[in-house]
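In structure tokens, one chain follows: the form predicted on its own.
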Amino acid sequence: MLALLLRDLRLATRAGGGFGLSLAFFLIVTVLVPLGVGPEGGTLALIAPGVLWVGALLACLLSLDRIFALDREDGSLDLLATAPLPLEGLVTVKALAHWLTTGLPLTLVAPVLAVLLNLPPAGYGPLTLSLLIGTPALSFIGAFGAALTVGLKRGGLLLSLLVLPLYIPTLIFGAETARRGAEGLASETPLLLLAGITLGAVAILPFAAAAAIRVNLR
């Protein structure tokens, strides 16, 4: 499993692997919003939690089709399906690699970009914590969607349509955690709900994704 994880990390950090693309997209979204809504600090502070979470969600979405598609194209997925490693373990490793190269970097850079949106200093901690807890759910949900569409050519659009509705609870509770933190309110309740979503995704979706892969490989 460790060898597979390191392999996916190397592929993701190569040119065209999607690592820099997600960060660049996140930066572009954060820079364009003040240009679109105006430089008024109060307005930017009000929308900052939602904008940062939407930007992170869409940035994660960009590289979802690479989770299984490249392995499907070169035949690696068929070999991995017959390897001693269970398919559920394969899905978990793939989702973890996606999070390490997408979700974690976005989490680390979010407080820096929050300065551009005039997020109050009190909101930096809750924003970072919500992204740290919530982005793994985005990767595991995305891995499930990628498994459903792995047998389709140019399934990127269908993948987005399948995954985006499943992302909505994570987006709602993640943005609410950041918003409450920025306003100095208690944010434990949405944070716990966000953690519950992530734990549920990690526990259930690898099995669902593995079943989808088995069907697509028949």
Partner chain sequence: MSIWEYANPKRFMQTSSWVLPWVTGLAAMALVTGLTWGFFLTPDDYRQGSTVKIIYIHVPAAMMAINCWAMMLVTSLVWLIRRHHVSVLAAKAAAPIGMTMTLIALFTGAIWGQPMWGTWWAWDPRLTSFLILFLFYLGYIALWEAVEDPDTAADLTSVLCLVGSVFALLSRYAVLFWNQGLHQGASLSLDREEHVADVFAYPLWLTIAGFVLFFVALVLFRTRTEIRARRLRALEARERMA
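Note that the structure is a prediction, hence the values are computed from the model and not measured. Positions refer to the first chain, counted from 1.
The next section is about a form of this same protein that is not shown, the form predicted together with its partner chain.
Student: Contact with its partner chain in the model of the complex for Phe26, defined as at least one heavy atom pair within 4.5 Å: yes or no?
Tutor: Because no heavy atom of Phe26 falls inside 4.5 Å of its partner chain in the model of the complex, the answer is no.
Student: My question is simply whether Gly38 lines the interface with its partner chain in the model of the complex - judged by any non-hydrogen atom within 4.5 Å.
Tutor: Result no; Gly38 lies far from its partner chain in the model of the complex.
Student: Using heavy atoms and a 4.5 Å limit, would one call Leu148 a contact residue for its partner chain in the model of the complex?
Tutor: Within the cut-off, so yes.
Student: According to a 4.5 angstroms non-hydrogen atom cut-off, is Ala195 in contact with its partner chain in the model of the complex?
Tutor: Contact check for Ala195: no, nothing within 4.5 Å of its partner chain in the model of the complex.
Student: Tell me which stretch of 39-47, 52-60, 167-175, 26-34 has a heavy atom within 4.5 angstroms of its partner chain in the model of the complex.
Tutor: Partner-contacting stretch among the options: 167-175.
Student: Within 4.5 Å of its partner chain in the model of the complex, do Ile141, Leu152 and Val215 each have at least one heavy atom?
Tutor: Affirmative, all three are within 4.5 Å.
Student: Using the arrangement in the model of the complex, list in sequence order the residues of 101-133 with any heavy atom within 4.5 angstroms of its partner chain.
Tutor: Nothing in this stretch is in contact.
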